[in-house]
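As structure tokens, one chain now follows by itself in the form predicted alone.
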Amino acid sequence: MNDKETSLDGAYQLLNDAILHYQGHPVGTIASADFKVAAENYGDCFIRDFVPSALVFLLDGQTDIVRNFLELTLNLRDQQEQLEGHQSLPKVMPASFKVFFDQYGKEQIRPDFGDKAIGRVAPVDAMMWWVILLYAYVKATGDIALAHQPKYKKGIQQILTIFLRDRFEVFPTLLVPDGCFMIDRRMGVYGHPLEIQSLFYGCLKASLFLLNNAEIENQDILQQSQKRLEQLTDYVRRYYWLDLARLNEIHRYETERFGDDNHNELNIYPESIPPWLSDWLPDEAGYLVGNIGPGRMDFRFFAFGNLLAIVFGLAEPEQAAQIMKVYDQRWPDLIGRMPVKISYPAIHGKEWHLLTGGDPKNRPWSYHNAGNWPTLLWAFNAAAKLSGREDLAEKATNIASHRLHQDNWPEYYDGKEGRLIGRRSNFRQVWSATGYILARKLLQNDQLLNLLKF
């Protein structure tokens, strides 16, 4: 067998070994099947991590496990504890859940709403991924009746209520803290990170589809969702976009200006442009910056936010093509020896110490500080195919085929080009395997794209 077939067989074997059961039914997959894993919660099923597993199951016709997962996580919301001094809010989704046997030998399930996670941050993205996965399930099975069941309709509406609730904000983007999405440690991504905005867009699109023609009490929430979607789309495409023309504009910005005719509405200081950017940004290419807010633009390239923006349709077709041009022309930086680098460039020195608090796991070119994450390969291939760059998808998949199975499916890789297995990386990481399976499937047909298209 060649590398590709050996890797695919190994990935499926790992996926099957990782299936989690509750009350005799498959309900998800654990994060890592590495029995030497140091972190106890890697035996949990994470909503975020399960998504690529679920997509594989849907494409292979194993829809029961996905339906069981959707049902179980919807019900687990009722187990969230209410903090004193807080008004009751619609229940959020847990970050993960664990199946275990208590001292009496009785099977139990324990959800984690962020109260056990590093940093004790609630996962904002879990609710969005749940809605998007429900959408993919309905597209795969045609079972719109599931989404129209009262508790599912109520669940979607409650999620929308959380995200659409008025706060001290005038932007259509979502304001969130550090650590509330895939980058789950302090990395200076608080504010309005791109990944959350891409997921918010996908969540709104999926919700509007699922609630269309459904009988719901609060029809206003659909109109509010549609309006927010339009504002979010325009805002991200306009303010997050960076190409050479936009960089020149920012370079010549006037600051401390007031009034409606001010072109620098967010008061971004030209001095905040990092020195690496002007030589690194290719001609006739561009990308969506990592974060933007009052007086702040994070010029780092964050892969998942850009790739999901293409997959879900938040990025315009021309923007999508230019993002893939950045990948094409900066391949060693953004792909390297193991697809796909999560962010670029790494933060160093005093900036690293201030932004991460001196986090040793997020040292430069490791973990979320510009490490390489194989699970992102599926999103890269999906974005590449949608942008007419299947050649890049094939090139990236070939790289993964030669190493990933041989290295025993690490969680992430270290180094500027991802040559080293992550220093604290877990092996037999399930979403590294499922990301590879999905990447291979994307090269064969467009079934996955059909599940995620709006």
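From 1 onward, residues are counted along the sequence shown. What you are looking at is a predicted structure, and each value in this text was computed from that prediction instead of being measured.
Although it is not shown, the form predicted together with a small molecule is what the next lines describe.
- At the 4.5 Å threshold, heavy atoms of Lys385 stay clear of the small molecule in the predicted bound form, well away from it.
- Contact annotation: Asp243 falls outside 4.5 Å of the small molecule in the predicted bound form, judged by heavy atom distances.
- The closest heavy atom approach of Phe97 to the small molecule in the predicted bound form falls outside 4.5 Å.
- Among residues of the shown chain, Met182 is one whose heavy atoms approach the small molecule to within 4.5 Å in the predicted bound form.
- Listed residues Leu404, Ala393, Val66, Ala31 were compared with the small molecule in the predicted bound form; Ala31 is the one with a heavy atom within 4.5 Å.
- Note on the interface: of 393-401, 415-423, 45-53, 58-66, the segment with non-hydrogen atoms within 4.5 angstroms of the small molecule in the predicted bound form is 45-53.
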